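Only one chain is given next, in structure tokens, and it is the form predicted alone.
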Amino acid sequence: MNFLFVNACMRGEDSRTLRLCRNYIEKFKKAKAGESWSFAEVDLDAADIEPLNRERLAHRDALARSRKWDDEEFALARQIIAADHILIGAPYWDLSFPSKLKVYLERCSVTGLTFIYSPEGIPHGQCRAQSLSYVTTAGSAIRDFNFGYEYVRGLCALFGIEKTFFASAEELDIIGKDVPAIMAAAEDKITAIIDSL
């Protein structure tokens, strides 16, 4: 069984989101101790991935037409397809998430590989994972502007990932807020997610 952690925590060790993700992984390992899981991390801060431009898109399209799915171009897509559970950790930036995560998801979203279309034009996801968890932290309240998680949730429907879970610690930069209590409450949400898997 494969656990994939997509780390979009751009502040590294200073990231509050990363702290919650580590809490998640620790609890997951403890809950699944009797099972055989391998753990992989994609560190997007260190990853050498670029947005698709005209040249890169033409190259990818040519590979896809030739069905050369083993090419390095599709390594990220193959990895996400093979995952049994996915954790995305991304801070709440500009109403969504850091742009490197968008680039990563763009590289994973491949027609004919991550999802295929039926003769009727209905997409069928090819990902093995039945669940994905999205963990974030925000300096303010997210409220109705949770565009990062909602975008990922939409992609999960396209990729065939049936269940998504969300945990957040919000208002961390509001003066007077009890930050340790907010983080502890987020860790409790993570516990509830793990218990439901």
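None of these values were measured; they are calculated from a predicted model. Numbering starts at 1 and follows the sequence shown.
Form predicted in complex with a small molecule: not shown, discussed below.
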query	finding
Non-hydrogen atom contact S140 with the small molecule in the model of the complex at 4.5 angstroms	yes
Residue contact check: R11 to the small molecule in the model of the complex, 4.5 Å heavy atom	yes
is_contact(F115, the small molecule) in the model of the complex, heavy atom dist at most 4.5 Å	no
Close approach of S15 to the small molecule in the model of the complex, 4.5 Å, heavy atom	yes
Stretch from 125-133, 50-58, 168-176, 30-38 whose residues place a heavy atom within 4.5 Å of the small molecule in the model of the complex	168-176
